[in-house]
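Just the one chain here, laid out as structure tokens, in the form predicted on its own.
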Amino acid sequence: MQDISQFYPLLNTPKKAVITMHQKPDGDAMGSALGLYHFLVALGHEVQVISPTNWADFLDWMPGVKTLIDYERNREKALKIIEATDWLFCLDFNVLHRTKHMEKPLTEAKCVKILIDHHEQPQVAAFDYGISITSKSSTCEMVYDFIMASGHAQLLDTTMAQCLYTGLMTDTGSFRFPATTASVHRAIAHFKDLGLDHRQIHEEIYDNFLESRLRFIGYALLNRMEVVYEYNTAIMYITHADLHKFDIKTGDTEGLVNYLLTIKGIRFGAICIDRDEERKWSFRSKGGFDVNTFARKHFEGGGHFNASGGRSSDSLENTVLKFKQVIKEYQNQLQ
């Protein structure tokens, strides 16, 4: 994989480009994809963003979202576009299998592939150009850096800024997490100088849910949370019946795991959700406990040092039981 700087001169020649991200895209995945989309369009390229799956309703306000193709719903159309593209930008994921059913066509695509990501252990052999910096707050910050370094920084406008601010905000926990560096605030200052209204974005992301979600959160905290003070750990599990009872949709469980870390003394929070095809884990930690390594070792996952995800093909009951067994190995680290 060549350094991303080697790709900059190619931006001057109009091409067909596809931008994609991980399945069930969050604010950073969607924000970085749409931010890059508007930038490449401004340069005169023919661009299509393809999401591997659907996305949360609270992202539907984002400029350009109506142009997206949902691969699972429009597979034939998406495959034709991928086959004809010159460039494939892969944002906010480190390995191709994180695109779910898109993995095979992306692997087989003959185009130039470009990675922009901040997760650990990228699949570098799969890409022609790329950049992977785990210390970066978000992929949105990296797309901002890409635009600034490309030689076309003058094209940055409030439309791109809206998209990129979304990922900066969500992936830093509204600028709370350690990855909120000075460069994050410098980027935001740039966006504000352009005229960005950050208040609107916060409201669209955080104040845009149905009543049922709030009732679901209360139910989950009361009935599905266990606190294991011996290991300074809190765990929550959500059953398939719970999802149906409260009509939970994509994005409604976003951020739920963070509630666990608000408990005094808790250093490790984990939530397991019983999805149709598998059990999905989210892990969060404070301080020096590495949930990326934990997820990779025990739950076929990975991510960042203090925030990662995993999966299990086992039943909800058995995978939660496994979690309770393996945390015993980390008692010293968690104390």
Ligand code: 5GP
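Keep in mind the model is a prediction, meaning the values are calculated, not measured. In case it trips you up, residue 1 is the first one in the sequence shown, and so on.
Although not depicted, the form predicted in complex with this ligand is the subject of the following passage.
S.K.: Using heavy atoms only and a 4.5 Å cut-off, decide whether all three of 98, 304 and 307 touch this ligand in the predicted complex.
M.R.: All three within 4.5 Å in the predicted complex.
S.K.: Is residue 51 one of the residues lying within 4.5 Å of this ligand in the predicted complex, judged by heavy atom distances?
M.R.: No.
S.K.: At 4.5 Å between heavy atoms, is residue 267 in contact with this ligand in the predicted complex?
M.R.: Residue-level check for residue 267: no, no contact with this ligand.
S.K.: How about residue 298 - does it come within 4.5 Å of this ligand in the predicted complex, if we only consider non-hydrogen atoms?
M.R.: No - in the predicted complex, heavy atoms of residue 298 and this ligand never come within 4.5 Å of each other.
S.K.: Examine residue 38 and determine whether its closest non-hydrogen atom to this ligand in the predicted complex is within 4.5 angstroms.
M.R.: No, no contact at 4.5 Å.
S.K.: Of these, 198, 152, 119, 113, which has a heavy atom no more than 4.5 Å from this ligand in the predicted complex?
M.R.: By the 4.5 Å heavy-atom cutoff, the listed residue in contact is 119.
S.K.: So if I measure heavy atom distances to this ligand in the predicted complex, which of the stretches 43-51, 66-74, 30-38, 277-285 falls within 4.5 Å?
M.R.: Of the stretches listed, the one contacting the partner is 277-285.
S.K.: Is any part of 7-39 within 4.5 angstroms of this ligand in the predicted complex by a non-hydrogen atom, and which residues would that be?
M.R.: Just 22.
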